[in-house]
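Below, in structure tokens: the form predicted on its own, a single chain.
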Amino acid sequence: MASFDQMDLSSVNAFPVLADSTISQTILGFHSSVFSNSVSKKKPGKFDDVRSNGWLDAMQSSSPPRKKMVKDIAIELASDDTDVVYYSWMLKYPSALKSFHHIVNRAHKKKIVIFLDYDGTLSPIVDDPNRAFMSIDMHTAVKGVAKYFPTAIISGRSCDKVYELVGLTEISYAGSHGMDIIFPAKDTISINHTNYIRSTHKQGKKVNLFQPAREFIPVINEVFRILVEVTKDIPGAFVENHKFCTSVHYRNVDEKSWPIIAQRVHDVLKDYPRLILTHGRKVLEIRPLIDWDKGKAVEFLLESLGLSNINDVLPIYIGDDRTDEDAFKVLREGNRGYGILVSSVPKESKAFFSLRDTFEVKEFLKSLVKWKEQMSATDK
């Protein structure tokens, strides 16, 4: 499958794709060097900047402490007792496996739609993001789910990278936290949005593209180059360009250097008021300041595929990251569907259910396939 950037757009009617069409290049924070290869080094600011704005606290929170606190009991438990804490937490976020029959019972006479994060959900979190591969069994489980249910993967990675890792043509992909969406044109029932592109893939496949932050591509490229330059002397730092956002990974950086990497990112973003920073699991993510996130991507895909009627559809979103909370929130509001948080440690969430790890995600997906096959056999 060719890169999504290589699609032929010359013969289609391309609509404006920026959510706020009044935003100009001047307020996007473009520098005069945006189309050059030059990068600038800035004098590091004081660490007080990143301490006062809470960045360091957020970075620390992405690394679970060795001791956990049982909320409302006010006793501290040693790390050996983490299972006790986890099972107490599960009273609020029951296992989606143990609650499976409850979930599918609600799906009676409804169409289930599956949304999946990638890292930490379909593949384990690894030190090298380029080696975050799904297991063969997980790939089979996702392929099986996609056979019976509309399925989409919504990731912080670029669409190209997610497709490279997953390799299934029958599903939809939303990269860059939903800012780069591609889905088969043949599956489209209803699109009320005007800011999307109908295109033809190089292989002749009809697809739809939706890129609400398209005009930010030059500034994201520039910031990526600068961040690579200002972090190159920090051992373990790794910067990725996801087309519509860029990520600074510090998973392999010594914790003593976290204030340094946070301050350098902070200093770069001072000159880009139309970009914001969000925190993932040991990653700092720089994104366009637009009203768009994974929750908006879920709503867009449901509407575009004609699956937004709450009486006919049960969306299920499985994810492990803070950015997935936007999707959990959308499904919780109005009791539209179920968010399932993947976590081996207790944390607050907008999800309804939980799964402990990628193994349990695989088992849940396999259970959905088995249930659907049994239902189909009964209906015959």
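Residue indices: 1-based, along the sequence shown. Because the structure is a prediction, the values reported are computed rather than measured.
We do not show the form predicted in complex with a small molecule, though everything after this point is about it.
The stretch among 305-313, 240-248, 85-93, 221-229 whose residues place heavy atoms within 4.5 Å of the small molecule in the predicted bound form is 240-248. Distance criterion of 4.5 Å from any heavy atom to the small molecule in the predicted bound form singles out Pro124 from the list Gly144, Pro259, Gly236, Pro124.
The contact residue chosen from Arg281, Lys110, Arg274, His139 relative to the small molecule in the predicted bound form is Arg281, the criterion being a non-hydrogen atom within 4.5 angstroms. Taken together, Ile114, Glu325 and Tyr338 are entirely out of contact with the small molecule in the predicted bound form: none brings a heavy atom within 4.5 Å. Mapping the unseen interface onto this chain, Trp292 falls outside it, with no heavy atom inside 4.5 Å of the small molecule in the predicted bound form.
Although the partner is absent here, Ile217 lies well away from the small molecule in the predicted bound form, with no heavy atom inside 4.5 Å.
In the predicted bound form, no heavy atom of Phe149 sits within 4.5 Å of the small molecule.
Although the partner is absent here, Pro288 sits far enough away that none of its heavy atoms falls within 4.5 Å of the small molecule in the predicted bound form.
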